[in-house]
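Consider the single chain below, provided in structure tokens and representing the form predicted on its own.
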Amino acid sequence: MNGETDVAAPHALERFQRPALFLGAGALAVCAIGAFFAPAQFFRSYLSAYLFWTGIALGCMAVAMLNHVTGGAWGLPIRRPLESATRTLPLMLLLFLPILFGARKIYEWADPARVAQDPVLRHKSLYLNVPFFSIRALLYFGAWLGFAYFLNRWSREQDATGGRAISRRLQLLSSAGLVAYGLTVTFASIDWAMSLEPHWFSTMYGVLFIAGQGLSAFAFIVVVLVLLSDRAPFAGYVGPRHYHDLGKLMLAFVMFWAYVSFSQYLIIWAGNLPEEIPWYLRRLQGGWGWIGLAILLFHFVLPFLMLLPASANRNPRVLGAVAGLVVFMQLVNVFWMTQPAFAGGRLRIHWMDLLAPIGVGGVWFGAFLWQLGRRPLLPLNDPEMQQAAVHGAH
């Protein structure tokens, strides 16, 4: 390590901050123009993009808290990027406003005329209504922002003072935070995604979202670490064993996501109930089945096979390539989970489906890079820093 001055130097990705912001703002501006001609399509495309990028920010918070609870050398190199992602949550709160404004275009339960004609929607209207939907969203964001604030505040205090007392405080905070994260993301996934088809339900839907967020966030941070690894402070700190640990953990996330996805499919297939099977029928017919097959092959089979060998996990380029594939396929997966609700049984990809993720993602990534440059890239005074350095050097 080269000291605090080098650690706090501008990072290698800083040059992408403004281009990402300009690209994102431009893409969102084009989508806004498209909203004048196809407002319903705009809000539906925007929803998928928003769910994906918010999932990465929330998943990073969960992974950071998981490391505080469990410890381990694997978390030290990625802690600052994880914390930087959590500090984008105020931006995601702001970007949630279009979903509130467009709720009637997205959710059938938000349309009073549809509710009046549907006894199931009338029965669920006590929970599924726009005012209560908005209040719950504020509660979710309040919890997420609160935990993210103290995670970052106490981590900064640790940089200044060091000591194990702050580590213990972060551990206790993270223990409660993981419970709160599980509850809030479960209800948020029901509100924002599962209620797109309010006649359908699944008790595993929240877990499926949690698994997807954890996987995509972890893979995203691995990509960031690989891109930063050639320059200080990572060049003198991150070693083959760090990459090996991260690769095996990403394999565990891949397997967990696949297990939850298959379990939900198996339960619904075995039950064969008319109120449950239409969700999968819409996603396996009319061309959507090909996207489902691609998700199976490139979101599970290929990453699983590539992450099994120890040699692949110790190779940053291979690990980064697999992680990038996983991030992209999670975007495809979110699209596959949400858009068939609007497609009328046939695969249909609108140009805003492609541009909205670029727009939201460009703005989010620019904000992430800005946050990444505001603090030292390694937790300098963490009590485990030297032990983690020795671990990586072996």
Partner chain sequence: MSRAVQPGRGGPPVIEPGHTYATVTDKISSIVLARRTPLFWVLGFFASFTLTMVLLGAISYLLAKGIGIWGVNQPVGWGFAIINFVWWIGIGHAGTLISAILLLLRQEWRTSINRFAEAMTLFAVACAGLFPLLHMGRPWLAYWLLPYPNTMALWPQWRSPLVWDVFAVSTYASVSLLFWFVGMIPDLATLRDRARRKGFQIFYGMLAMGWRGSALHWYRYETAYLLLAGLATPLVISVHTVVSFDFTIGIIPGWHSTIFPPYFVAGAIYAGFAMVLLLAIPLRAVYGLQDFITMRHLENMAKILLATGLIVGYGYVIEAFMSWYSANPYEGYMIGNRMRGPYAPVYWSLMLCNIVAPQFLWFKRVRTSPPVLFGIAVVVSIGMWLERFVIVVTSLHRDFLPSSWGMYFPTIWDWATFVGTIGLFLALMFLFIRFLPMISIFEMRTLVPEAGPLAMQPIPEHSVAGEEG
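Keep in mind that what you see is a predicted model, and the values were worked out from it rather than measured. Positions refer to the first chain, counted from 1.
Heads up, the form predicted in complex with its partner chain isn't pictured, but that's what we're talking about next.
The candidate spot formed by 114, 289 and 355 lies out of contact with its partner chain in the predicted bound form, as no residue has a heavy atom within 4.5 Å of it. Contact with its partner chain in the predicted bound form, judged by any heavy atom within 4.5 Å, is made by just one of 135, 179, 100, 302: 179.
When its partner chain is considered in the predicted bound form, only one residue from 237, 200, 141, 96 comes within 4.5 Å through any heavy atom, namely 200. With its partner chain left out of view, the stretch that reaches within 4.5 Å of it through heavy atoms in the predicted bound form is, among 241-249, 152-160, 320-328, 225-233, 241-249. Interface residue remark: residue 69 is counted as part of the site for its partner chain in the predicted bound form, having a heavy atom within 4.5 Å. Using a 4.5 Å cutoff between non-hydrogen atoms, residue 105 does not count as a contact of its partner chain in the predicted bound form.
At a distance threshold of 4.5 angstroms between non-hydrogen atoms, residue 309 is in contact with its partner chain in the predicted bound form. In the predicted bound form, its partner chain sits within 4.5 Å of a heavy atom of residue 384. Residues of 88-109 are not found to place any heavy atom within 4.5 Å of its partner chain in the predicted bound form.
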